[in-house]
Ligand SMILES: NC(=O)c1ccc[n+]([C@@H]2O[C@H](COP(=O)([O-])OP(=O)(O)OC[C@H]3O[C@@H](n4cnc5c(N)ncnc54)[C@H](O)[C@@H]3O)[C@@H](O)[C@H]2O)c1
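Below sits a lone chain in structure tokens, taken as the form predicted on its own.
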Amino acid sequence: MKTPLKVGIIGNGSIGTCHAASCSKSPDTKVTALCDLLEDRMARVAADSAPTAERFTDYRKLLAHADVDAVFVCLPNYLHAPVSIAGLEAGKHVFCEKPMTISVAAAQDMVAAAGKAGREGKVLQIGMVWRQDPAAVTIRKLIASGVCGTIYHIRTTLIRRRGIPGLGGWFTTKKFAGAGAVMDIGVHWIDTSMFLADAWKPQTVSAVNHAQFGPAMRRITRAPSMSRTTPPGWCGSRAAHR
């Protein structure tokens, strides 16, 4: 019988809760550690998906002391790079939620850390989940077979019909989120297009930034403001979580 992969979930907001639930249902994984500043939220995740998991409020302590093989980084975007790099340096496999991070420099640091960890058999994976979608897998095979001819143009669209998630919190604060819709949902379609066509070396990149509808949403929904300070070993807050 194969030994389950022991998993730690860093950040127990909505995405972390989903990963914990999925891992608890798989015979190949077991959640052995949780990390979040909000102990009541962590307790709910533990009760639902990981009753025997160790609990931490500082991710550094989880990485140093928890019995884990791999960690899920489910934190605000600006924390993806430092926590993922720390996980790799601690000898863990790392699954980091999308987007990878908020700057090219930070992404390069992650790639460098992954290269070093890779020599020890450790893996960094970014949560670009549409690559595993059955439709995407089928289309990629068709393109690779040559049946579609030369792919020279791909156009993708995605519409979120209502609402800006976490309006007023980290999700809509540039220094924490990095950007808006492009980093939230656009990364999926950019990545999927490049994956389908196996086109990983773009020659030029351009974009347009505007907020035609965003400001009006303030009349519809609000969220608590992002805290001005971030404690050491941050793993979530009421306003700042996935």
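In case it trips you up, residue 1 is the first one in the sequence shown, and so on. No experiment lies behind these values; they were computed from the predicted model shown.
One more form of this protein exists, namely the form predicted together with the ligand; it is left out here, but the text below deals with it.
Here the marked residues 37, 99 and 188 all reach the ligand in the model of the complex, each with a heavy atom within 4.5 angstroms.
Just one listed stretch, out of 151-159, 111-119, 134-142, 78-86, contacts the ligand in the model of the complex at the 4.5 Å heavy atom level, and that stretch is 78-86.
At a distance threshold of 4.5 angstroms between non-hydrogen atoms, residue 170 is in contact with the ligand in the model of the complex.
When contacts are judged by a 4.5 Å heavy atom cut-off, residue 22 does not count as touching the ligand in the model of the complex. Taking the partner from elsewhere, residue 30 is found to have every heavy atom lying beyond 4.5 Å of the ligand in the model of the complex.
At the 4.5 Å threshold, heavy atoms of residue 123 stay clear of the ligand in the model of the complex, well away from it. Contacts to the ligand in the model of the complex (heavy atom within 4.5 Å) from stretch 10-33: 11, 12, 13, 14, 15, 16.
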